[in-house]
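What follows is one chain in structure tokens, specifically the form predicted on its own.
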Amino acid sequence: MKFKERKITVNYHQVSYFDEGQRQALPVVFIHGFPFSKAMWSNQLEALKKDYRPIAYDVRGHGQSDSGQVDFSIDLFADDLLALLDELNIPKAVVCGLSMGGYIVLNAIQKQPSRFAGLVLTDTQCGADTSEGRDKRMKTIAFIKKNGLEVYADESLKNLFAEQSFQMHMEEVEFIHQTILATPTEVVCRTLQALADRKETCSYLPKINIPVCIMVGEEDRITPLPMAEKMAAGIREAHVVVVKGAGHLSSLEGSDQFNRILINFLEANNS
């Protein structure tokens, strides 16, 4: 699936994005996880382009987007999202964030809640890193700086995918492997620091008063079902859907299921 790459200046850096479908239709913005790119949403763009305006962009430093000069933070990434909506003249959108993308969405909605028509939170959570989790990220940064991305990429794959995906979704596994290796080492380290420094968003959840769909892979070991259920318990209009047979990358491993759930959510809440 080939989509036209577009570039736009947002918040003093160049953002690469896809903007497909119907210009006057409901915008659905997709934010990838770490350390991936907008290309991970190809199946979703294809599924939605007939009836919606699906948009996927590369988070600062990832894919084809510039890094800019400032320190990375989830707060900065959220500002980038809101500035992108401004530049594209989108007053309100449904936003879907996977993993780190979910952290970005939950930060951004606190700044400008009126910009969001609905949320799709995928394989993500609202908590900050524990001290143990933060220490692990610091050790990972040191390891990558010393040894490069190869070993890190191989180890990441083991956690990202469900066991059966290594036989059933070999193409997707290799795609993610190559995406990680193509991300500059400096960007990986700067983003790991941003993830370690992020603040919790669980305390904000009761203030969210728009429809929210929370999807989680059945075999997600990074942000498992209890984390999804914790978020749903805090949000008035949230429901959890499990993507069967998927790990942490449910939009790739279970794309048909994922797309059905997503379209049902959009049809039910934005008709």
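One rule holds for the numbers: they count along the sequence shown, beginning at 1. Because the structure is a prediction, the values reported are computed rather than measured.
Here the subject shifts to the form predicted together with a small molecule, a form of this protein not shown in this document.
Peer 1: With the cut-off set at 4.5 Å between non-hydrogen atoms, does residue 57 touch the small molecule in the predicted bound form?
Peer 2: No, residue 57 stays farther than 4.5 Å from the small molecule in the predicted bound form.
Peer 1: May I ask you to state whether residue 165 is within 4.5 Å of the small molecule in the predicted bound form, using heavy atom distances?
Peer 2: No, residue 165 sits far enough from the small molecule in the predicted bound form that none of its heavy atoms falls within 4.5 Å.
Peer 1: Looking at the partner-bound form in the predicted bound form, is residue 222 within 4.5 Å of the small molecule by any heavy atom?
Peer 2: Yes, residue 222 lies within 4.5 Å of the small molecule in the predicted bound form.
Peer 1: State yes or no: in the predicted bound form, is some non-hydrogen atom of residue 161 no more than 4.5 angstroms from a non-hydrogen atom of the small molecule?
Peer 2: No, residue 161 stays farther than 4.5 Å from the small molecule in the predicted bound form.
Peer 1: Which one, 156, 99, 183, 107, lies within 4.5 Å of the small molecule in the predicted bound form by heavy atoms?
Peer 2: It is 99 that has a heavy atom within 4.5 Å of the partner.
Peer 1: Just one of 177, 190, 137, 92 has a heavy atom within 4.5 angstroms of the small molecule in the predicted bound form, so which one?
Peer 2: Contact with the small molecule in the predicted bound form is made by 137 alone.
Peer 1: Looking at 29-37, 232-240, 43-51, 202-210, which stretch has residues with any non-hydrogen atom within 4.5 Å of the small molecule in the predicted bound form?
Peer 2: So the stretch in question is 29-37.
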